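What follows is a single chain, given as structure tokens, in the form predicted on its own.
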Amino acid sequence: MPKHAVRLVLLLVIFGALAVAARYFLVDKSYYKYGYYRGDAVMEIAQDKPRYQGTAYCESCHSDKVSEWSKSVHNNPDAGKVVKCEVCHGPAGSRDPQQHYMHAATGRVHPDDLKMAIPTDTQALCKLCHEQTAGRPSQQRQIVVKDHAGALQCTLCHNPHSPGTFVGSLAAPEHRGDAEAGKGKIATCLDCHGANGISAGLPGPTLAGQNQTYLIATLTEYKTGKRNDPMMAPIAAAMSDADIKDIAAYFSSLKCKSAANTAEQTAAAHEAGASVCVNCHGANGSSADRGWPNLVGQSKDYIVGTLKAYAGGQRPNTAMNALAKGMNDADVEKLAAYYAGYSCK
């Protein structure tokens, strides 16, 4: 064999050996394990966890929200309840599917160029911890969703950063009125609301035992024009702030309670389709919050008219507008009849 052919064959053998060696040392062993890619990359991507930055990271820009959260039931380590920002909003450092799932170690971080998720289906999120299930610890607040809120979103009523605080709930007045002074200021109220605040057969709602905070807010809304009524607006406009507080204090001091058994109330509320109302107004019409009205002692016609006003938007209230719009006439009649059955004793 000619020398140049031997040299050529030798060179080919050397290059072939180098190529095999290079492939052995330079190409990952898992290449082509599943296809034309590095097989171990599948497990590495699956194990690549998003970067959680912690609450302190969020506080620099969202101190008001963190303050609400820090005092809420979601931040109670002693009770084993610590639901931090990124549990609901997602991790500040995450893998974005639009960016081909870049590694968390090198991916984007909020707030540089990544928007945090704002949950839209809060019911699905809250149900993870609060839907009533057989194995869930009894000390954890649980609800039967269809009775508690139906298809409504949790944030309609609950502040998402402090869920024990209710949206639209009113703070107690800094200076409460004088009930004795208020008794001398109610002359214009008697024809519609009754001398003892019980309007049996009269056009106005029962005011006896009504929550003082709610009465002050309502009269103030009539006075400022936020809420309109051809009879109430001019009467409230003539009242001073002190008059409003005194009148509210007087009517709230009067007695109007229901004597019904608690278990009977809850069962009857469910039967009447009032389960959703119970959360705010109580099974017997006595509200759980001073800023919400009691329904005990109200007439059926008044409750029907009020619900229709909410449904039509004449009375603005985010929660009540949404609830009332979801009721048909039969629902309204049934619910009004239920609460009208609880008269003052």
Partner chain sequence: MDELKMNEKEQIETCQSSRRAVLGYLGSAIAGSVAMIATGAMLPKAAHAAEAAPPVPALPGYDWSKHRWAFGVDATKCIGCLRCVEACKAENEVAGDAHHFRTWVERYVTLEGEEHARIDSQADPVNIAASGSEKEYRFANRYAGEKVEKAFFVPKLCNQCTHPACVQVCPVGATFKTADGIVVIDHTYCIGCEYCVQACPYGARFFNEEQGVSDKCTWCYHRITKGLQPACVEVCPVGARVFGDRNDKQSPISQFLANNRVQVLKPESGNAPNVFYVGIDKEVI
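Numbering follows the first chain given and starts at 1. Since the structure is predicted, the reported quantities are computational estimates derived from the model, not experimental observations. The term rigid core refers to the maximal set of C-alpha atoms that superpose within 1.5 Å between the two forms.
Keep in mind that the form predicted in complex with the partner chain is missing from the display, and what follows is about it.
Visitor: Among 128-136, 177-185, 155-163, 202-210, which stretch sits within 4.5 Å of the partner chain in the predicted complex, heavy atoms only?
Guide: Heavy-atom contact with the partner occurs in 128-136.
Visitor: When the contact criterion is heavy atoms within 4.5 Å, does Met43 count as touching the partner chain in the predicted complex?
Guide: Yes, Met43 sits close enough to the partner chain in the predicted complex that at least one of its heavy atoms falls within 4.5 Å.
Visitor: Examine Asp246 and determine whether its closest non-hydrogen atom to the partner chain in the predicted complex is within 4.5 angstroms.
Guide: So Asp246 does not count as contacting the partner chain.
Visitor: Heavy atom to heavy atom, is Pro91 within 4.5 Å of the partner chain in the predicted complex?
Guide: Yes, contact at 4.5 Å.
Visitor: Within 4.5 Å, heavy atoms only: does Ala330 come near the partner chain in the predicted complex?
Guide: Ala330 lies outside the contact set for the partner chain.
Visitor: Which residue, Ala237, Ala124, Ile118, Ala267, has a heavy atom that falls within 4.5 Å of the partner chain in the predicted complex?
Guide: The residue from Ala237, Ala124, Ile118, Ala267 that makes the contact is Ala124.
Visitor: Taking 2 Å as the cut-off, check whether the CA of Pro119 shifts that much or more between this form and the one not shown after a rigid core fit.
Guide: After core superposition, the displacement of the Pro119 C-alpha between this form and the one not shown reaches the 2 Å mark, so yes.
Visitor: How about Gly80 - superposed on the rigid core, does its CA move between this form and the one not shown by 2 Å or more?
Guide: Yes.
Visitor: With both forms fitted on the core, check whether the Cα of Val144 differs by 2 Å or more between this form and the one not shown.
Guide: Indeed, Val144 is displaced by 2 Å or more.
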